[in-house]
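In the block that follows, a single chain appears as structure tokens, in the form predicted on its own.
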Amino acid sequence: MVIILQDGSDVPVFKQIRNQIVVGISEGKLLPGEKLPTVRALAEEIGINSMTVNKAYQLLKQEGYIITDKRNGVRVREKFASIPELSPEAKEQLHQMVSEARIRGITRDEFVALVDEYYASSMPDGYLQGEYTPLLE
């Protein structure tokens, strides 16, 4: 997975890294148990301070997306708890997106269709909770 930073964005760099890793996990670009680059390696690869990557990894660890240990490094969590509720921060972000869509004249149906499109691009239900086994080809 390639991390692409947006220069001049209002979103802090550590949050951009965090967001792209979460999307990568959801879309199956980062698989459960997959090893992520070390803090230093990722910082060098994208040309930023290692403390920024460390901050992103700490946030991902705190939120339960990754696990770290000294022997195996940083890995995507194997299973995720099924918590059928968004965090307060995510709800606020969703509220902001809905408000912006309304102001721009996007209808409810258009907005829901866009949500459905993004939801469909994610892994199958149950996959990230370890309940889904892909068919072997």
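All values reported here derive from a predicted model rather than from experimental measurement. One-based numbering along the sequence shown.
Below, we refer to the form predicted in complex with the DNA, which is not included among the displayed structures.
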query	finding
Contact at Gln20, Leu30 and Tyr65 by the DNA in the predicted bound form, all three, heavy atom at most 4.5 Å	no
Contact residue in the predicted bound form, from Arg102, Arg40, His95, Lys79 (heavy atom within 4.5 Å of the DNA)	Arg40
In the predicted bound form, Met51 touching the DNA (heavy atom, 4.5 Å)	yes
In the predicted bound form, Gln58 touching the DNA (heavy atom, 4.5 Å)	yes
Interface segment, criterion being heavy atoms within 4.5 Å of the DNA in the predicted bound form, picked from 67-75, 22-30, 87-95, 102-110	67-75
Stretch 1-34: residues contacting the DNA in the predicted bound form, 4.5 Å heavy atom cut-off	Pro12, Val13, Phe14
